[in-house]
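The chain that follows stands alone, in the form predicted on its own, written as structure tokens.
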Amino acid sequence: MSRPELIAPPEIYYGDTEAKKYTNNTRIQQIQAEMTYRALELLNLPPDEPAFLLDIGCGSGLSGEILDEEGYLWAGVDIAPSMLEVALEREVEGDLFLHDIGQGFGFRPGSFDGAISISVLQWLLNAETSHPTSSPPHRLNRFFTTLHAALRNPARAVLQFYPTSDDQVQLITQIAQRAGFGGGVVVDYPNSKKARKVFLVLYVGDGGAAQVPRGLENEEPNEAEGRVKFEKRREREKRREKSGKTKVRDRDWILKKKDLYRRRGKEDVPHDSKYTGRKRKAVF
């Protein structure tokens, strides 16, 4: 069976039917969750601190839900309108943008504390037309150059993708390095056709001097354990939806998150009070 990126452009392949089918497939949900957790592990953000992340190719928000659970603010971009419509129906927490990442990003410099991407980068390796601006090198250059600018210094980006050859990996890493990134490729379970996963771990600024993490080796992931973890998460989410309860955060966490909103230029952030979640009344 051919990979989706070899069949049609993403905005066409992921129409209304395919977008819902993809989102509701429990196997895809499990794989997406596993790779998102691994991407966050490689991102290596400071624990218990709020961060503003970019989800590149966010689709219907499967990775975004995990970012929410882990306490991160996020914005997502995707080229498929149907995927974003499903994300809106699911009421994900992130800010969503309809955008072609091959045209580059237009975010303010230093907007994000990090970026992740799951199963997206390979879409840039297929030229849709014969025009020079549609060539993979041209689109990759715009993607990496503007992504580098959008990340603060220091920061990391972790991009999981499916290359079909070593030449593709070399092309991607060379263009990323020319854009100013440090880092390299991390391959988990390199000797397994089924479990093998490729991650591009990129550094901005001081992070460029850091050593690239080692990939997971020797044993394939325990699928039963992964399924149990995924099922527990799904059951927890169902109970939360049924009871109408949301995760309770402590006061310090809320204050940090509000401060991050203010630093990002968000308007109408509620004033701090002993209740933290309520807007303090103005005194005239």
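In case it trips you up, residue 1 is the first one in the sequence shown, and so on. Since this is a predicted model, take the numbers as computed values, not measurements.
There is another form of the same protein, the form predicted together with a small molecule; it is not shown, and what comes next is about it.
- Heavy atoms of every residue among Leu62, Ile101 and Arg139 are located within 4.5 Å of the small molecule in the predicted bound form.
- Partner proximity in the predicted bound form, defined as non-hydrogen atoms within 4.5 angstroms of the small molecule, places exactly one of 164-172, 79-87, 190-198, 146-154 at the interface: 79-87.
- With the partner omitted here, the residue from Ala115, Val120, Ala75, Ala179 that has a non-hydrogen atom within 4.5 angstroms of the small molecule in the predicted bound form is Val120.
- Of the residues Val186, Leu124, Leu96, Val92, just one reaches the small molecule in the predicted bound form with a heavy atom at 4.5 Å or closer; this is Leu124.
- In the predicted bound form, the small molecule sits within 4.5 Å of a heavy atom belonging to Gly57.
- In the predicted bound form, no heavy atom of Gln30 sits within 4.5 Å of the small molecule.
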